[in-house]
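Let's start with one chain on its own, the form predicted alone, as structure tokens.
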């Protein structure tokens, strides 16, 4: 693996499925896993096998179906969890066990009624248990975003020594600001003596709308894996959005990082996930929202029609989206109106458009959007007026 490659760890089938109403059956999970492999994700977190027989079955079926991508199963720092995860991954060609424990003082006191020393010992033990089944072990320090950096560094150093090959630094509650999360990753790089023996992973939640920014801050400071979901699905306000971080890295080649994602498949898989998980994508969602490449303001439309790069930094084809749209509303200008008429086969001069524009605005003030049929009606009315005048 190149030091400039950022691995994409997709957890749509695990963390994304935790969204109320988004439960998947095994057949649906396998279908999406196959699509994720085609998309080019490096690791698929297939589920939490000990949580239910259905999830165990899903992880097992995915393990049998996927040929190249790493298949990961989640577990708590419990020996039984790890044994069940390993059993579900029995047929995986490239299995990974993802195990860990909360490390913030909040989790240590309130969730575990424990202390830092005992939590560190449990962290080391769970990694050792997992290493009995696979050489690919990822450790998560839950609520790392609110964990004291000195203590977090001690835990991370200990679990790497115990055999963890990836260390996940989750901002579980979406609390960190980007500079804080980046500084946390940098602190680990500079203060964990064996950090070169593991990949640092960013797993960020979107409670404050900062998941994508935090994940990128993690990469800029040394993380080389991003944990994310299609459409940003996930617990509460969601996870880091796969399509967003991938396109940020692609649109900023000066940063020097890349992923193996086939970006033309982003919109198709977004639609598939939305349909199967019964969770519509908000229209203004970056990259995959229905309005991502739509223009309705007259100023924007005029600039776009002169040079698309004035208001679009991504070619829709690059992410598998439909062509850019000029949407006619009461905020649209004459150039957009002329453009839409031209697409319908009408060649109006400037004077024609000036006259039509007045009728257009009257109609646009009465309805949200002017459709093709409305334009045909305006053209017909204009033609009749010309005939009467003649």
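Numbering follows the first chain given and starts at 1. What you see is a predicted model; the values in this text were computed from it and never measured.
One more form of this protein exists, namely the form predicted in complex with a small molecule; it is left out here, but the text below deals with it.
Enquirer: Of 244, 142, 81, 136, which residue is found within 4.5 angstroms of the small molecule in the model of the complex when only non-hydrogen atoms are counted?
Expert: Looking at 244, 142, 81, 136 one by one, just 142 meets the 4.5 Å heavy-atom criterion.
Enquirer: Quick check on this chain: which one of 214, 229, 168, 147 has a heavy atom within 4.5 Å of the small molecule in the model of the complex?
Expert: None of the others qualify; the residue that does is 168.
Enquirer: Should residue 74 be counted as a contact of the small molecule in the model of the complex, where contact means heavy atoms within 4.5 Å?
Expert: Close contact exists here: in the model of the complex, residue 74 approaches the small molecule to within 4.5 Å, heavy atoms only.
Enquirer: So, in the model of the complex, is residue 172 in contact with the small molecule at a 4.5 angstroms heavy atom limit?
Expert: Contact check for residue 172: yes, within 4.5 Å of the small molecule in the model of the complex.
Enquirer: Going by a heavy atom distance of 4.5 Å, is residue 15 a contact of the small molecule in the model of the complex?
Expert: Residue 15: contacts the small molecule in the model of the complex.
Enquirer: Using heavy atoms and a 4.5 Å limit, would one call residue 98 a contact residue for the small molecule in the model of the complex?
Expert: Result yes; residue 98 sits at the interface with the small molecule in the model of the complex.
Enquirer: Could you tell me which stretch in 121 to 129, 85 to 93, 272 to 280, 203 to 211 has residues with non-hydrogen atoms within 4.5 Å of the small molecule in the model of the complex?
Expert: Looking at the other structure, the answer is 203 to 211.
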